[in-house]
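Single chain ahead, written as structure tokens, the form predicted alone.
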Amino acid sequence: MIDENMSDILYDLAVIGAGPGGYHAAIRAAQYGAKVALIEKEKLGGTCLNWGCIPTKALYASAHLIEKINEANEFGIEISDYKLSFAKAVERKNKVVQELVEGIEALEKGWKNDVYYGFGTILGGNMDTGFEISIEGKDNTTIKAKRVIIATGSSPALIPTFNIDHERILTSDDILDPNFKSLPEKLLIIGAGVIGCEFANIFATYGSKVIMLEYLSSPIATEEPMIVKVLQKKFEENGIEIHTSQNVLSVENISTGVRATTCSADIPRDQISSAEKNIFEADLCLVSIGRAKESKNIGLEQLGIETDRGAIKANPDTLETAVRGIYAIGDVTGGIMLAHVASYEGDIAVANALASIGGFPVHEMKTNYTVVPATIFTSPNIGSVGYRRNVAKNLGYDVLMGQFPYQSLGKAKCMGEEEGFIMILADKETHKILGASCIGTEAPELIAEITLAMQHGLTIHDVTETIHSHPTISEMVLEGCEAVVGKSIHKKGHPIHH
């Protein structure tokens, strides 16, 4: 709670929204010496920390431990008569989230940022006189700031067709609610993208029967086909059903459970009424097919800031909106909707905002989205960065590809983590790395090295000439890069010709 006598302070920067973009931007601005106000309507950390990235990873950690326990006998450990408690896993998840929220609170306090809890609305103003912002909620006040960053994020899309009632037909927010502790016997998931697949993995590992319905012809369609094939095989082994090319016509709460009616996604709309229908039933339904941008009622219309289907329009280079002095970052812009991209954009927006004020040790910056890593925490993990093979070829690159399997790596074999592979793409002419995809243990961590290499325009040889510690999982990157030019030591290839 902020004292009322502080309400007339002119801040250098006000940040609306305290998710991974907003709270990060507030701290970064304070590091440059700015006086900052951070406004949050619910909890610090936003969706990522409270209803997204972090809670799902905490539950994934529990699920992964179950997998390892089931393999314990192979490691010489006999475990019997153990019980699974989804409720306890949720309690641990809640504790992890709470500790991290408290950590952010401590950081903002440590940087002397004023945190206001309430809904922020920009009432008006300009970059010469400052912007007035009303706050309604736990803290009811009005503040003024020289510059504003909007980081209000997104929320699960409430599509009418799916009749989301938050009782049996749920969003990801509902299923990650701190009080959601009952494991469904049968779970229906609409959408086999990243969110759907991560939840499918968690609930199937805990014993739920999982059925997935996907409109496209493939789950996680943005990934390499070979990566998807490995994941589908693992899902089948775990009893997860994936029905692709399914147009979900309706979802109903039938008191004892849920019922979804679908038809083939290939059927034209005018023929749907007579099409053959499929019925799927379960105890609960998770709808994970999209997110809505949180841009309503924050003052955009009065200011003349345009939106496109809720996404705030901002300069793609500077992140400044049509109103000079107001910037937008993260999910609310409708760009790459990843937490780490929001944090990156926070850095860009802060630099440009403070540079326009003057007097701060910072210069203007422009965005660069050419190298953005992505991760999926299924079992096995998935990590990717840069171009996919078909995209690189369509752009005119003569693509070299190298693959290396986990089963050929000593450390992976010792760990009992032999599932999956890494594939690395390079330009045949320059040998610069174009992209990489990996499925297997620690895949997201492996992709970090490739991301750094790509960011600095390194070649395959720059990586292979770097000594990698043995035995480590990081040798997957070394061997994968060597495989691009036929030099992988632990994979049979062809002789090297000069």
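Worth saying up front: this structure is predicted, and the values here are computed from it rather than measured. In case it trips you up, residue 1 is the first one in the sequence shown, and so on.
Only in words, not in the display: the form predicted together with a small molecule, which the text now covers.
Interface residue among 295, 352, 208, 288, judged by heavy atoms within 4.5 Å of the small molecule in the predicted bound form: 288. Checking 377, 131, 235, 404 against the small molecule in the predicted bound form, a heavy atom within 4.5 Å turns up for just one residue: 377. When the small molecule is considered in the predicted bound form, residue 204 lies well away from it, no heavy atom lying within 4.5 Å.
Under a 4.5 angstroms non-hydrogen atom cutoff, the small molecule in the predicted bound form lacks residue 424 among its neighbouring residues.
Though the partner is left out of this view, residue 200 does not reach within 4.5 Å of the small molecule in the predicted bound form, counting heavy atoms only.
Among heavy atoms of residue 338, some come within 4.5 Å of the small molecule in the predicted bound form. Heavy atoms within 4.5 Å of the small molecule in the predicted bound form are found in exactly one of 383-391, 368-376, 175-183, 132-140, that being 368-376. Relative to the small molecule in the predicted bound form, residues 57, 191 and 213 are all within 4.5 Å by at least one heavy atom.
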